[in-house]
Structure formats: structure tokens, C-alpha cells
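The chain below stands alone and is given in C-alpha cells; this is the form predicted alone.
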């Protein structure tokens, strides 16, 4: 019988660890050996990480490098800020540790490319947390239909990802000054990856607009709520992407959908996240149809490690999505098409 894969979770500032990281820790083929959140002043994140470690009966660590040196995991789920994420992924790769990584994977194109070179040379399994358009109970069968030629050759596509309850997540003026980016950076990767999976060709050019802003301080600092992209692929495929956050309070979950027009038909995905039933009583909750996106994503990562196979979201795809997003921001700032 195979020994469990020793795993660790590093970084609790995002929802990643309580979803994908938790699924990795709970996988029947893994053993959680450490939980970490760097001592960076994020009191809520530190408390969450400590509580998670206590519940699982594993050590809590406040230094990410100590996780590698002392606990020697075979795989790590990382959710660190992009400014330090690439250095830590690189350190994991050099130590032969497989990586499940939150997005964005880095802060600059150069740091991402440098990291990717080390990851490729190391031979580790690397995957990136853009799972909704790969593992959901809507996108999986849709992509299977495309693979089987159900609508012929894909010609055009439109992807939409609109997250409700905008005011709840409004960035402060200080956060706007520091980030300079909002929902295109947050949700754009889903659309870019979805179109990449549909057309299976390199991106040729990108044109983007991101001037929609609900709040005055968003406009002041160039931070967007909603963005629109037009993406042209080699081979002739063209896709549009509408992503962002809306002020809608009545819709309980994300409006995620896609339409693909092919040479012999049309494919429509109406409920892209494919969660299942929505239940309302004292609070809103979802009941999944079958395994959740997080379960399938974590299992794909584990199986890729076990069988030395490529994961459903590969390093090359993650890097390409990052560069495409950078191209989109450059296009929006310049007001012109960015050729690649």
C-alpha cells in the first residue's frame, strides 16, 4: 500500500485554504503535517490557520521556510501574496515539493517566467487554482462535448463571470492605491483559461476595457469593477470575456455562463459553476451535485502526483493565463490591441 503524501498548507489570507487546501488535507491519499501563516500582521488569517492546525492536530508554523526545512512535506498548497509567491514556489520546486498554487501566481512577468523555469527543471507537479472552468459539474461535460465534436470546430465564444454583492467587498481607498487592480485580476483568469481550453491555440491578440467603476475612489485610482476583453486566437477563434463584481444583492451566487458557436452547432452553459441546489432558510447554502469543484481539483492534483501525469491545469496554462492578464491590463491602459 502506498504511503500517504505528506502535505502542508501555507497562507490563510484567502479562501483558497478553506476550500482547495482543506480538500487536499482531507484526501484519502494524503497526510497533513503542518499548517502555516507567515507572521505578517494578518491577525484574522493567523487565527484561522491556528484554529485549523489545532482541529487537525498538526503543528502551526509562522515561518513559511520552516515548513520546508523542518516538516519536509511532499506537496504544499500555497496561498501567499503574489509579491512573495514566486519565491516560495521556487523554493518548493528546488526542494522537490509539488505545488498547488493560488492565483495570481506572481507580481511581474519576469518573476513568473523565472519561477516557471525552475519548476520545469525540477519536474515537480504544479497546478494553479483556476478550477471552476475545468472541474465544475457544468464545464466538465461541456468540454467533453467539445472534445467529441458535438458542435464541430469552435469559431467564437463568450464567457461571463459576474460576482454579486459588490458593496460587501468594496476595496478601501488605501487598498485601491496599493493594488491598482480589482476584479479583472480576480476573475479574468477563469475566462482566459476557459477560452484557452475551448480553442486549444495560442492567443494572438487581446483588447480590453476596464473603466466601469461603481465607486468614486475606484475611478480615482483606476480600479475596475467590471471589465470586457476580446481575445483572438491563432487559427481564427475569437472570444469575448465579461468579468467583474456587481452590486446585485438578490442573486446568491456567481452568474457564470459560456456560449460556444461552432461550425456545426452551438453549446450553451447556463450555470457554469454547477454547484447544485440552492437552499434558503436561516442562511444560504449549496448542496452539490456529486463531488465539488474543490474535491475534484484536489483529487486531480493528487492523482497527477501519484501517476506522474499532467494536472488538469498545468504550469504552462497558468503562466499563459498570467501573461494574457498582463496583456489585458496593458491594452486597457493604452486603449489599443496588444499583439502577442
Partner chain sequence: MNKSMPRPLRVGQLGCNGVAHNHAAAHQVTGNTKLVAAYDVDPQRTAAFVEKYNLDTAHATPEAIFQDDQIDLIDLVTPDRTHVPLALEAIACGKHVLIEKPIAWSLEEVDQVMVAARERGVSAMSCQSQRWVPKLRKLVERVHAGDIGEPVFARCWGGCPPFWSADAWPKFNSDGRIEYLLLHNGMHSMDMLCWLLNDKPTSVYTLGHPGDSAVPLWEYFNVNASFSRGAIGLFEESRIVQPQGYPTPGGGMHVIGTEGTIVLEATCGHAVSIYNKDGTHYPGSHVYMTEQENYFGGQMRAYADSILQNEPPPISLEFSRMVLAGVLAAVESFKSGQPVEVDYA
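Residue numbers count along the first chain shown, from 1. Keep in mind the model is a prediction, meaning the values are calculated, not measured.
The same protein also has a form predicted together with the partner chain, omitted here; what follows describes it.
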Seminar exercise, completed: in the predicted complex, the residue from 254, 136, 111, 160 with a non-hydrogen atom within 4.5 Å of the partner chain is 160
For this session: Select from the listed residues 248, 201, 145, 122 the one whose heavy atoms reach within 4.5 Å of the partner chain in the predicted complex.
Result: 248
Problem set entry | Within 4.5 Å of the partner chain in the predicted complex, all of 228, 259 and 336 (non-hydrogen atom) | yes
For this session: Although the partner chain is absent from this view, report whether residue 263 comes within 4.5 Å of it in the predicted complex, heavy atoms only.
Result: yes
For this session: Indicate whether residue 172 is a 4.5 Å heavy atom neighbour of the partner chain in the predicted complex.
Result: no
Exercise. Can you check whether residue 131 is within 4.5 Å of the partner chain in the predicted complex, heavy atom basis?
Worked result: no
Problem set entry | Distance check, residue 205 to the partner chain in the predicted complex, heavy atom within 4.5 Å | yes
Exercise. Of these, 176 to 184, 91 to 99, 238 to 246, 68 to 76, which stretch puts a heavy atom within 4.5 angstroms of the partner chain in the predicted complex?
Worked result: 238 to 246
